[in-house]
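Read on for two forms of one protein chain; each stands alone as structure tokens, with the labels structure 1 and structure 2.
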Structure 1
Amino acid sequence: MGVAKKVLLAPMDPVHDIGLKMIRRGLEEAGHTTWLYPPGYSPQEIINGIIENQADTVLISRTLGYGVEEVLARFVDLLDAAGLRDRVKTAVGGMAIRPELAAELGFDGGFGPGTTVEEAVAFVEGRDYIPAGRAGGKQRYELVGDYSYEFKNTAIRSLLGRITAQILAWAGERTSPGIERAYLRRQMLACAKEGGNCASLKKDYARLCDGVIRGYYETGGLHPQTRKLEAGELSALRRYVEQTKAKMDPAALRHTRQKPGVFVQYGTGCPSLDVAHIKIAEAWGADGVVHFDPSWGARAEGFMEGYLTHQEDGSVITPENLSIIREALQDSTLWQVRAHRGLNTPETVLLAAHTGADLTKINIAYGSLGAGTDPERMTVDGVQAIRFAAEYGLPFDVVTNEELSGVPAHKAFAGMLIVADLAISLGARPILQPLFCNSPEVMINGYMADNYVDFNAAKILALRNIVSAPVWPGAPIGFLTQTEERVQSSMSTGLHAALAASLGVEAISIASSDEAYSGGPIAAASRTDTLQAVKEAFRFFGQATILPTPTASKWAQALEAGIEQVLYSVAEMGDFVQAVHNGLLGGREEGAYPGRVGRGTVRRV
């Protein structure tokens, strides 16, 4: 703090002294001496008080805007006439005040709406004001935390051990074009880093690709509706990033809680627009961003290269596209590159690690049942992707989006836990990602007829009772509770965020207020809608909690029992791929259809 100050606080108003009373308390807690005058004192009476108390700082409030400039200018003139202007530090605050106006009137400081007590104390003490949590800039959010990954439910632990052993033995005898490409990609990256001639490696890589992707390496052709970014576009993007980073001052989303972290996804199709959306999300307080790739990318064998933009949802994965996104991020921003589905899963994890991603996303069950990949191909590729995640130290979430197809939560969670146990056995760090959603199962059974709290809470309670692992609801929270009305959508997201905070989860993913219903590009304003709604929800609840009804505990127990039964059936079958085909993790009557993309491409080694 330094030397204690003598501070006179005076509301130069007929009323309104609440702000000064709050500042006075902060000053006294910091060890300063204060005098608080009542409303209605004249400028001359305040000047007399400064002289009488030998104050070295005076804080004036002027809430009402009528004649504000004349009143304040007269006070500064009187201060100058009394010979006090050079030795007394002055500041004025109020609804009508802006720093520019205060400086024009002759004050040393000016504070408008939103000024905090800490900011006023910093002014009195003559130091820069650094908002709480922003010392040295925004800090990176710790997502994985200190979890043991120990299974508390011994029956589930035993069943998972059997299933994991079966999967690893099966996958150990098989490979795929996706795995072979991933290893070639690693050689290509090393070759490029050393400045070598990679032509033969690229030729071998192209042989393992299909159709359009092979054509790219052989003739330079691109996927339809895709083009290369021009040099001028790249230069403009880098200038934008440089300028934006220089003035970035991220908002603080969390109020008094330490978690959850908040993630948004991007995937506009254009790296330049992606970066713009990322910078908006960062500025409004997002802790992390998720790269959303195009659906055709999951069905194509192989990746193209270069800076590419296209006219569909999802942004094309290439080493260059990922690199330019990484360059644009604030140091504090966590970055996830999804690899949870499709024919390029192992290579995506490899590229994510190579370009500096912090996280990835892998789920064999969802990739097979909700994303259209052949279960045999998805399993062998998924195991290799997990091995890469362990090798490169990339934590990954295990999403349960098959719930949106109609798969009951206990079956989706069984698949999630199988992948999580695979990860643990291979030395990786999985993150459980249940949905907070009004899923088909919920609609049919009326689980949310009364509230959106109990069934979502039951999911967290069940997972916490099963295993010590980080939990990240998302993709996004509140799915199928939002409507096309932006206020309702934002409010629903904010309330689900508050529930997640009450349940102590590590992170949440949120959508923009128009994301689920947009018929075109997502508007920048809708990005801020939900981020501000989440911030307000965190501020509203603080350390208070949302209390589920006893029904949540009952459903949690049922969910845990259902998971155990599904795992028992899978373990007894002894063949994970066949279990997927047989509907044990989600059947056709539940909207889950084993994928066909990549069928027949797995071979024995």
Structure 2
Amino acid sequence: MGVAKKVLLAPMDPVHDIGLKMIRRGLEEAGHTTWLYPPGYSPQEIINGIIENQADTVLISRTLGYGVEEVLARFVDLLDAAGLRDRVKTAVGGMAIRPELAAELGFDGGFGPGTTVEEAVAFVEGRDYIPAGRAGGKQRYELVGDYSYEFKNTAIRSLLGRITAQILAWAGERTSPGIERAYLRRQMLACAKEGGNCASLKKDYARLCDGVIRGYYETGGLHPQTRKLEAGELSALRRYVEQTKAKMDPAALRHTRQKPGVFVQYGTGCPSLDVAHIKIAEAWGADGVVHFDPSWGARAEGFMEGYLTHQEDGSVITPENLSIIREALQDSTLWQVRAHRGLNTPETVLLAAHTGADLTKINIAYGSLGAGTDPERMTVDGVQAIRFAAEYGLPFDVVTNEELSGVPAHKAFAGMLIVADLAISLGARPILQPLFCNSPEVMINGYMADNYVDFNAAKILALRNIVSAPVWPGAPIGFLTQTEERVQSSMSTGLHAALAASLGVEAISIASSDEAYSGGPIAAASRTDTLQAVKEAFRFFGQATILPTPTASKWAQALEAGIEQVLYSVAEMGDFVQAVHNGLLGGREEGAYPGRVGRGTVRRV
């Protein structure tokens, strides 16, 4: 601190003075002399107080909005009339104050809602305010944590061992166009890096693609819903990124807990709008972002190339699109590129790794049952995708979105654990992704008739009883609890985030407040709503925990027993692909249908 100041604090308001009381304490702790007037003093009485005490600074507060301009203008007039304007530093703050209003009225400082004590003290001392903990910039969130991947449930460990051995032996004798393309892509990337002529590789690649994608390589034609971004658009985007990065100072979402990291999904269809949404999410505190590709991308063999924008949900995966999004990210932002469900799974993992992604997403069971890919193809491709994830050191989550189709949690979890065990055996780092959702199973059985806590908590308890592995509920948390009404939607997300924090999970994926709106793309403002709600939820609970009822433990035991039973059936069948077809991991009566896309494309090697 420099010279001690003499500060008069006056609430120009009938009742409210809590803000000034807090600031007074901060000023006195910093060694300044203060006088705090009670509410209800007139402007003239405050002027008299400045003169009597020879104050050099006056801080006025005003909470009520009615007549604020008139009252403050009168105060400034009296200040001028008393000849104090030049020697007394003035500021006004409070709920009714905006900085521009304060400036218009002639105050030296104006502080609106959310002003901190430190900020006010900095003003009095005449120095720049640097928010605590933000001066060093945001740090990357450490997601995977220190987990042993040891199975605590030995029966489940043994069953998974049998299933994994069977899948690896089976997949080891097979390949697919998706795998062949991935290896070609690797060569193409190396060729491009060396500046070589890659035409023959592209020709080979095109031969393994569907008609529309092949057409891109042969004639330059594009998928009907896509167009190329023009040079002017790209240079404007790069300029925007550069300018925005220069003023980024991401907010912190977590309060006193270290976990969970918070992820948001993007996939507006257009890389430029994706970048806009990503920068907003980053600024509002997101720790990571998830690339959401179009559903047709999972059903088409092969990827196009170039900077492509798309007029519907989901942003097209091309090497260039991924690169320009990667360029836009803050260094502190974790980036996940999903690869979990379609005909390009191995190549997506490869591209993600080459572009600098931190995470990917793979699930053979969900891809086969909830996303329409043929189980045989999905298994062969999934194993290769996991091999790439291990090779490139790319952790991945194993999502269980088949629950949304109606598959009971214990079956979805059995599928998740099979993929997780495959990953562990291949040296990869899987992250378990149970849904926090009001799924069809939950609705039918009334598991959330009383609360949204117990069944979600049961899932985490069950997984923790089974294996030491990171858990990342998603995707997004609160699925099917949110409505189109943004306050309800944001609050539901915030409360689910609080539950996740209370359960000590590693990360969460959250929705926007447009989650339940299906009439068009997500709007940017709705991104900030849920991030703000999550921040408030973390602030509200701090280190306090949410206590599930005893039912959660009972359901956790039932889930664990159910998972073991499913895995026993799969192991006994001795044929994972057939087990998927037979509905052991989710049957037709539960809304899960083995996919047909890519059927007949697997061949023996």
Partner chain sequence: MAEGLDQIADALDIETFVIAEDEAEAIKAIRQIMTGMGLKDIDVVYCRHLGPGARIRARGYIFRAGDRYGWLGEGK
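Take the two forms, superpose them, and find the largest set of C-alpha atoms that agree within 1.5 Å; that set is the rigid core. None of the values given here were measured: they were computed from a predicted structure. By convention here, residues take numbers in order along the sequence of structure 1, the first being 1.
- Looking at both structures, it is structure 2 that matches the form predicted together with its partner chain.
- Superposition of the core reveals a Cα shift of less than 2 Å for residue 580 between structure 1 and structure 2.
- Shown in the overlay between structure 1 and structure 2, fitted on the rigid core, is a CA shift at residue 427 smaller than 2 Å.
- The rigid-core alignment places the CA of residue 50 2 Å or more apart between structure 1 and structure 2.
- The Cα position of residue 82 changes by 17.6 Å between structure 1 and structure 2 once both are aligned on the rigid core.
- Lined up on the core, residue 96 has its CA atom moved by 8.0 Å between structure 1 and structure 2.
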